[in-house]
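First, one chain by itself in structure tokens, the form predicted on its own.
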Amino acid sequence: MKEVDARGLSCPEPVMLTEEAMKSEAGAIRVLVTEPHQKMNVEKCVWDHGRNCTSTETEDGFAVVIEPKK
């Protein structure tokens, strides 16, 4: 699983890194972010690109796991 570590980055960097990862990876992607608004922005980006994701809270933020393309 490809991992994108966007912890501590300011918006829109987490979204830009997520978009870049989705363009190059058809499999599952794990995006790590620090703030709740970053998690929501990444989720919206994923949904806008027609993919699904699940989010969990981690020790230092959130992990958004993007499902593989079907």
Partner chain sequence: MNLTDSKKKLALAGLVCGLVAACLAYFGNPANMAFCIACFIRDTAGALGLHSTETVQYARPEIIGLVLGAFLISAATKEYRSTAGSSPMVRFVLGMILAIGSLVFLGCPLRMIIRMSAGDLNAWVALIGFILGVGTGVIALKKGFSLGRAHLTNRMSGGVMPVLMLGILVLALATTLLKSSQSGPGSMHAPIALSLIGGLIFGAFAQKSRMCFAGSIRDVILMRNFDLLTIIGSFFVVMLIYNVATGNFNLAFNTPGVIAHSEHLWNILGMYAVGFAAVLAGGCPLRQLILAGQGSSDSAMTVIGMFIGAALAHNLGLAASATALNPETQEITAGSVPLNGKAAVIICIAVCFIIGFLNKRSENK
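From a predicted model like this one, the values you see are computed outputs, not experimental measurements. Numbering follows the first chain given and starts at 1.
Not on display, but discussed next: the form predicted in complex with its partner chain.
Although the partner is absent here, Ala28 lies well away from its partner chain in the model of the complex, with no heavy atom inside 4.5 Å. Residue contact with its partner chain in the model of the complex: Ser24 places no heavy atom within 4.5 Å of it. Interface residue remark: Asp5 is counted as part of the site for its partner chain in the model of the complex, having a heavy atom within 4.5 Å. Shown alone here, Leu17 lies within 4.5 Å of its partner chain in the model of the complex, counting heavy atoms only. Of all the residues from 35 to 53, those having a non-hydrogen atom no more than 4.5 Å from its partner chain in the model of the complex are Glu35, Pro36, His37, Met40, Lys44.
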